[in-house]
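Below sits a lone chain in structure tokens, taken as the form predicted alone.
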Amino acid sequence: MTTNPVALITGASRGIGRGIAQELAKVGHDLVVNFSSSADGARQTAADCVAAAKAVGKTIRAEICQGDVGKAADRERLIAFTREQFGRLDLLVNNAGITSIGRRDVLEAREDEFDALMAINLKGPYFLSQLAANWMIEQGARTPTSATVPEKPSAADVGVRAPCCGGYRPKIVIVSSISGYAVSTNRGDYCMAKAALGMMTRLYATRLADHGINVYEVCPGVIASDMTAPVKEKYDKLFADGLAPIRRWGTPEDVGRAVTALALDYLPYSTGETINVDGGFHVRRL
């Protein structure tokens, strides 16, 4: 079994998932880099993570594992792979997702496309979290010191390595979106799935608190990636016009740093919380 904490990140072959993986690598997490179709992208993520860790004097492993989170057999294989490769799981990051298929108006939406999106964006993280949580409970039962309160990290520790935890303190992070509350009538299924992830966070946070497992929702805003590249000009103008108080695109690294703060147990007395990484977009203004 590895002595490094282990994170399983779904949809980590590119974009936000890759940014999360790289930031976790820098603080010494071994990684399971999940991908659905891009093995080359996943291999690049793994290589980038090993290099990022080495650059700050850390040694990690990053293994790739194919799996469509919308399929039960693939979810089970992801957990089995993590057990086989590392023997532990400290952090599950539910990041995988697809955009609305066809981007159809709600009056023209198709049921087959709705079902396909919900399988990946909602059912997948719901049941993968169930599998991970049951394993985390099993691991915690074998760790008598899992409830130890972490010491305050020194200045040298902040942003570099986890504070002394005294035991096993697992976490589940669910990556949602500002589309969970900002309406797009041509992406109704996507908006509904992201909104539901907020309730999923609170459900799991409540159920798992007695087991010492904290659950968080990380809610990105408009993030620069290959997925948003086609609308760059549109959002460049929107940011210039004040779309968010912080007038710039978000980056995958911005999201990764938020997840890393959670992974390092810097919010031990918070669970079921939403961490907005959106430049202040969520703030109502007059």
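Predicted, not measured: the structure shown is a model, and the values here were computed from it. All residue numbers refer to positions in the sequence shown, first residue = 1.
Although it is not shown, the form predicted together with a small molecule is what the next lines describe.
- Residue in contact with the small molecule in the predicted bound form (any heavy atom within 4.5 Å), chosen from Phe86, Tyr190, Tyr168, Tyr204: Tyr190.
- Only one of the listed residues (Ala46, Val27, Ala258, Ile223) places a non-hydrogen atom within 4.5 angstroms of the small molecule in the predicted bound form, and that residue is Ile223.
- Proximity of Ile16 to the small molecule in the predicted bound form falls within the 4.5 Å heavy atom cutoff.
- Contact check for Val175: a non-hydrogen atom falls within 4.5 Å of the small molecule in the predicted bound form.
- Heavy atoms of Glu217 never reach within 4.5 Å of the small molecule in the predicted bound form, leaving it off the interface.
- Not displayed here, the small molecule is kept clear of Leu243 by more than 4.5 Å at the level of heavy atoms in the predicted bound form.
- Across the options 133-141, 206-214, 102-110, 190-198, residues that bring heavy atoms within 4.5 Å of the small molecule in the predicted bound form belong to 190-198.
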